[in-house]
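To begin, one chain is listed below as structure tokens, in the form predicted on its own.
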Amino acid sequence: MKSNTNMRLGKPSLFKQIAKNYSCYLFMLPFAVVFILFTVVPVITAIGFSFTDFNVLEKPEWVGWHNYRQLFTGDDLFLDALKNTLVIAAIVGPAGYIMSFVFAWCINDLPPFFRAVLTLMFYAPTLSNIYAIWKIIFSSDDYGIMNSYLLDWGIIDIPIKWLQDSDFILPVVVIILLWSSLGTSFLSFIAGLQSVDRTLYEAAAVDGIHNRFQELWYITLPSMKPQLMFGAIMSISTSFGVGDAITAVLGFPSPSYAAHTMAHHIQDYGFTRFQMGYACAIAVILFVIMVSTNQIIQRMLKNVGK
């Protein structure tokens, strides 16, 4: 009897809520249709194809878990790609995220003109994607900028093959990706910092908060949790899905597959070998890793300011 009463007195059903707020749902409809068609449907389709042997031209053949077993037991290159992806994501993701926030926080209180100029300067690498300059910096001959300085300072005797030696390729890639990591997250942090209510700082000063670091932890960060979450999602997606920047500098495949990532492995099997079912299995694993990492980040951000 009590449960029936709660049902009658509780929240209205979903259909009643939609009927009551139909105008809001109408505004959402175009985006919802595009999101479902170009995001949800492809993800579900990829999951389905990952259990098949599909070469695009012929009808998919169901193979069950064969693709996943092959990835972990018979594909050494995938394990290298997984390791490289995790290493890059573990360094570039958090470091780029922290750099984006620190730079945004440091320039937030500057006059509008100087803040706008510095914002453009920090964001410019994302806009330009001029990776050719890194080929000049890390050129393998005496004329490369890095080798030239190291030779002049007497640190090395012969030029280092930065982009050919597998011992140096991954560190160079991390440096390049960090350079280009101040992207959308940086802009969202700038917007979030500008939207924080200034009266909160005045009230906090009365309550005993007197330095910027206390203001940061107890006021700034809790006030911009949506921007922090958005920045985390963008950093995760960028660091795990990296591939184009590496290809622009090292070519595809990279020398000795030293910077081969899961995105490269998907490209190789999906668009070079046309083994689409196998490529979808790689994409599903990458998707699961990204979603799991996102959930961990969400739980961590819930404790900010507590």
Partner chain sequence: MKASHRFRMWRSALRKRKVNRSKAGSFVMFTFLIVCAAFTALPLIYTVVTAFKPLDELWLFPPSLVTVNNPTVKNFIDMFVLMADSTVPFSRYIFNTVFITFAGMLLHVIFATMCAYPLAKKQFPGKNLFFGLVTLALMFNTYVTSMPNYLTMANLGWVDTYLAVIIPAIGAPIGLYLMRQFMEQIPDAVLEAARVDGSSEWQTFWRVVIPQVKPAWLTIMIFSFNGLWNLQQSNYIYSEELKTLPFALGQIANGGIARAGVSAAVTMLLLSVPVLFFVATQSNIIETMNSSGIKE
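None of these values were measured; they are calculated from a predicted model. Residue numbers count along the first chain shown, from 1.
Same protein, other form: the form predicted together with the partner chain, not shown, and the subject of what follows.
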| query | finding |
| --- | --- |
| Complete contact of A89, I158 and A258 with the partner chain in the model of the complex (any heavy atom, 4.5 Å) | no |
| The partner chain in the model of the complex: contacting segment from 197-205, 89-97, 161-169, 75-83, heavy atom within 4.5 Å | 197-205 |
| Non-hydrogen atom contact T52 with the partner chain in the model of the complex at 4.5 angstroms | no |
| Contact test in the model of the complex: P30 vs the partner chain, heavy atoms, 4.5 Å | yes |
| Y143: touches the partner chain in the model of the complex, heavy atom cutoff 4.5 angstroms | yes |
| Distance check, V63 to the partner chain in the model of the complex, heavy atom within 4.5 Å | no |
| Sequence-ordered residues of 138-168 touching the partner chain in the model of the complex, heavy atom within 4.5 Å | D142, Y143, I145, S148, Y149, L151, D152 |
